[in-house]
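So this first bit is one chain, no partners, the form predicted alone, shown in structure tokens.
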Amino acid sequence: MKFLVSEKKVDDIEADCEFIIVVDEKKEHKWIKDREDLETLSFKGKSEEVVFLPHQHRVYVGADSLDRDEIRIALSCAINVVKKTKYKSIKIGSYTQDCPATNTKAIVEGIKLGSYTFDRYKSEKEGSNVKSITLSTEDYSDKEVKIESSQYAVKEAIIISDATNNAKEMVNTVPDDMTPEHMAKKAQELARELEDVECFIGNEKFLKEQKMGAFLAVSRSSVHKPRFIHLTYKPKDAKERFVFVGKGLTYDSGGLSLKPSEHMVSMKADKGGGAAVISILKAAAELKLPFEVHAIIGACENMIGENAFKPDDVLLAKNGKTIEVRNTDAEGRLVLADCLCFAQELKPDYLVDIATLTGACVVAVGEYTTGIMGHSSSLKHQLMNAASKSGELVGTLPFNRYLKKSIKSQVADMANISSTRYGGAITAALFLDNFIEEEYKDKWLHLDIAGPAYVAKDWGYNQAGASGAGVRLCLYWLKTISNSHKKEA
């Protein structure tokens, strides 16, 4: 699907179909042409309300406002209405006079994200006939830069959307087709395709050399051997160093603390954090961001077998701390612990881990929202601000000394689960905090994406299944920091 930018008025652009956003019942927008039909159909212009007028070759879609996420949702609804038609070309206005690039990005992202389809295992592919989308700059107030800024916005939106859809594809792929070895190969393929990107893959021998005893314990009962994946994007004169660490459990049975069968069905999604950080680095390289970016993924399976790790085991992590295993289904934090230790050896300016870590986070903030935790109020505020631009929903959860006491162990330095059933998302993050050195405490953020990474029903511009949670959030954050460096220069 191609996105074109035109200086022509919307009415002068030739296309098979037109998309029109309606914000209120008055339907006063200059591009609304079928008021009588809309009245007959009792179209109110409410968010996600859609009317398709095939005799006029127009789709009207409601929105609560022209805020960027409302635009994303509206365009997602519109593209899904026409994807089974014979239309090959679509036209749409820019819907703004104040910030054209922002709304142009939202239009492209809404269409790209909304039209994603996972049909890898379907004998009949759905597909779409739409080949081109033309955006009119008729509404731009600044005629001098309207084409240039809009084209750049389109390019950025395509890269960010493609990265998000890349994460969706990886997460949706079934465990037999996305083993740790397959995930490592995917990373290697990306490195070959991208400029200034290198990839290192570590096997079991490497993990033993690194003394990653927690990571090794989780992976040891699977026939699919673990992989330590390290992607590096390193442009010239990089201004800062970002290290993203992703939980890459390609499948999680719960181990000997076996999950109920109904809870295993979506466990291919436990690699959501790993898929996210790979996709973040992919987009960072394609956007040519002025930062050194690392993506570290602990890829393995948590299975049962004759040599499975057990409750009551004590594990030795990379930093020399010991962990009492009370539940083998709290395995993601064990893999992350060793990966975070390695990540700090890279001396990051910013350290972010992304993981489908706890069901408790879903209970706390709901299935659509990412939980943000860390010590730095400033960093958490930056992520919250980026979330408002990206459209991802986030909420912060607070650390406190009393919950930290609940992961103490009588036989080791700490236990891998809390002694209380409450505050599970926070106690999981506090467990990880044991592996963050003092100098990096205020540089570290933990993102628990257990809720939004994989949802069983459609929501907004997200299809049932994987959403690519964390990708757009972190890319909008990186872009904000990049823009601040430009202003300083």
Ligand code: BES
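Don't overthink the numbering: it's just position in the shown sequence, from 1. Computed from a prediction, not measured in an experiment: that's the story for all the values here.
The same protein also exists as the form predicted together with the ligand; that form is not shown, yet it is the one meant from here on.
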The ligand: the contacting residue among M414, L190, V130, A360 in the predicted complex [heavy atom, 4.5 Å]:
A360
Here the chain is shown alone; which of K105, R333, K91, K268 has a heavy atom within 4.5 Å of the ligand in the predicted complex?
R333
Exactly one stretch in 306-314, 121-129, 227-235, 322-330 has heavy atoms within 4.5 Å of the ligand in the predicted complex; which is it?
322-330
Is there a non-hydrogen atom of A450 within 4.5 angstroms of a non-hydrogen atom of the ligand in the predicted complex?
yes
T356: heavy atom within 4.5 Å of the ligand in the predicted complex?
yes
Distance check, D252 to the ligand in the predicted complex, heavy atom within 4.5 Å:
yes
Would R72 show up as a contact with the ligand in the predicted complex if we use heavy atoms at 4.5 Å?
no
Could you run down 183-216 and flag each residue that has a heavy atom within 4.5 Å of the ligand in the predicted complex?
none
